[in-house]
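Coming up is one lone chain in structure tokens, specifically the form predicted on its own.
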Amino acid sequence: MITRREFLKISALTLAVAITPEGYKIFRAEEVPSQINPNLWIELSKDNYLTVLINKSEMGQGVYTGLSMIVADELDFPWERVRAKASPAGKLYIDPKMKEQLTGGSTSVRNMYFVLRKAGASMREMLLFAASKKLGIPKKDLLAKGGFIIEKKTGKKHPYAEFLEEAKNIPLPKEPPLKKPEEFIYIGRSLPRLDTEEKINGKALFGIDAKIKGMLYAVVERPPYFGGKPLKVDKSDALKVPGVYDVFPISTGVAICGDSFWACEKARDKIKIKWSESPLMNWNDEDFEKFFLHKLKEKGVVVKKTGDPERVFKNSEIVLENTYLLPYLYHATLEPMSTLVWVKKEECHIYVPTQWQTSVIRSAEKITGLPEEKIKVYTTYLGGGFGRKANVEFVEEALEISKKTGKPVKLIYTREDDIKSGYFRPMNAAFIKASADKKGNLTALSFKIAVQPLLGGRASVEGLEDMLYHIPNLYVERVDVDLPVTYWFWRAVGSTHNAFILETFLDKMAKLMKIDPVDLRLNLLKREPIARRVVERAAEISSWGKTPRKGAVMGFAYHYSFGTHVAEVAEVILDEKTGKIKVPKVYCVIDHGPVTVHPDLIKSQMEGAICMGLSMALKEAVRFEKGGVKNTNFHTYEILKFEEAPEVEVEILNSQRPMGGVGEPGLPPIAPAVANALFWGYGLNITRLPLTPEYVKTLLTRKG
């Protein structure tokens, strides 16, 4: 990790990217005005290496590579000499559009693309001006290419680093010329990732790898049900375990500290804790289901209303309604929560795999009483994030423990701790109703959802409020649910449930209207040419309407989220005797805007999102017993296995419009595509997830 002071000390030519009242500006790092906050720096060293400090967290999505490519392309710098590092945390490195240092919402490349191009172009122009001055050759007779300044007449090459001292004194160009797309050397290519080597050789530092000499280990025992607090703690037997340092209550439970993780685990088993009561302490799955379905009867907040759906329903011959119920979901990151924290009197150090550095700093300020400049946050690699590591309650626990003990503390969640702690994708119930005319037009749609609210409820209705389907009479209502179960952002957020409900319901309407489901979507997207092209292309590459491979049926779904259009077609095989579902292949078409920076990164994000969404569709659900989590590890909370992953064919389309995101939009369409295949191929009216063999056999029995 590198501090601002250290960075400036070693810099040869360093540019700072900053947001000002007039918009993005580029500065030489040493000339940044005190009132300006630069959010990313690029450095060209004396030995001709380019280092890009990245203010976004690398959690497997390739952001170090993608953002560095943008700078290196405009600078025209050799890729093998490019390095990426995590920037420090703080106001200096916020995403200026989000006003936070946060990796989420599929925003990294689309928020930073143009400013990073300008940063690379500015450095290139400064080097050309410096070379012209030093060599006595007109700038028009020089070329910046491949890390060299080339004399056009003689072909003589000079490394960029040869002109660093002169470039420091060159005024920054106000509007450096940007490359034309046909001049790109990296953008649009699948270059080797910058983080691959250190992940292979074991040098990559993840949160669980961080160490400080003399640190304590810590675990936290949490209540057996949501909403409980420790009332009385008998720690006498726990303190007798060799290596145990202390046991004491914190805000979320009881902390156990020791000189090894295993000492803490042994002591945990010997603690006797009396917990406060909770309204959920006797709730099982059935209680949650009844509660959410009852909530649908309550009056909620009207999110959107156009026309008069109720009037249209009364006068329509074709009307359909369904009630859906979808479970809580666990993020299941490969690396459970972990962090290393040291709260000293004068400063605080935090090593953490986090998606939200700004939130970490806020929590540290509140718990330690220290100002931001005394809080040092070092962002490690993340072993998966999916939104879960944008929550910082695990950092707050470690801060409390370190503050009380006065020692560096490494807090580790076991897998059981991780799932029992909560912060799930919210459970939800929804009622949906629609009508159509005899000409094949959807005339009205009403959608009511009961769910714990995210972002003030806005995220709960993603994909509905901003739906691209043109329906003249539309009503969307949200009932906010208040429960002690902790919930949080899960990859693709509200679109994970709303896309499933809407897209499966559209297929049911299509069957009632006696129209092909792809044709129905094309009709609803008459005003959306980009969306229509994505839907049409997905139908083309999957040979929609033709006989699929032997034993398979096909399902279609489309969704617009995070500024990106995605359509997917799933080939599905059902064993009617066992109820087991196999998805051998998925076709995916994505249009995320005008520029594809790194095609393989986009394809890998689509593949990963599809596998995660398929896992959600077929297997995943948090189960409850007596108000707590029943399925506490992967033997009971099942996820998709390697041998169950489908072949995924991805096609990338581009369109001239604002850039969309990539990390999340591939997930929402896959579950409805699978359910739609089962609906058309086997007549299964699916209104719940996951599609376990037991649930599928129940549906087959009902059909029979």
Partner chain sequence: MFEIKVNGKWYKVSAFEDEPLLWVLRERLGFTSVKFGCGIGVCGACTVLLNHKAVRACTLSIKEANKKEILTIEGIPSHHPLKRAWIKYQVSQCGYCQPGQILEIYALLLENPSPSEKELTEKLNGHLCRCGTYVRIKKAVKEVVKELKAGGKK
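Positions refer to the first chain, counted from 1. As the structure is a computational prediction, the values presented were derived from the model and not from experiment.
Although not depicted, the form predicted together with its partner chain is the subject of the following passage.
J.: Quick one: which of 526-534, 180-188, 511-519, 608-616 gets within 4.5 Å of its partner chain in the predicted bound form, going by heavy atoms?
T.: Careful reading of the contacts points to 608-616.
J.: Given its partner chain in the predicted bound form, answer whether the residues 261, 334 and 634 all have a heavy atom inside 4.5 Å of it.
T.: Result yes, every residue of the spot touches its partner chain.
J.: Indicate whether its partner chain has at least one heavy atom within 4.5 Å of a heavy atom of residue 50 in the predicted bound form.
T.: Residue 50: no, not in contact with its partner chain in the predicted bound form.
J.: Is there any non-hydrogen atom of residue 211 lying within 4.5 Å of its partner chain in the predicted bound form?
T.: Although its partner chain is absent here, residue 211 would touch it in the predicted bound form, with heavy atoms inside 4.5 Å.
J.: I'd like to know if residue 405 sits close to its partner chain in the predicted bound form, meaning any non-hydrogen atom pair within 4.5 angstroms.
T.: No, residue 405 is distant from the partner.
J.: Decide whether residue 587 counts as a contact residue for its partner chain in the predicted bound form under a heavy atom distance cut-off of 4.5 Å.
T.: No, residue 587 sits far enough from its partner chain in the predicted bound form that none of its heavy atoms falls within 4.5 Å.
J.: Let me know the one among 394, 447, 77, 490 whose heavy atoms come within 4.5 Å of its partner chain in the predicted bound form, would you?
T.: Residue within 4.5 Å of the partner: 490.
J.: Check each of 277, 625, 416, 480 and return the one that places a heavy atom within 4.5 angstroms of its partner chain in the predicted bound form.
T.: It is 416.
J.: Go through 57-78 residue by residue and record those having a heavy atom within 4.5 Å of its partner chain in the predicted bound form; state none if no residue qualifies.
T.: Contacts from 57-78: 59, 60.
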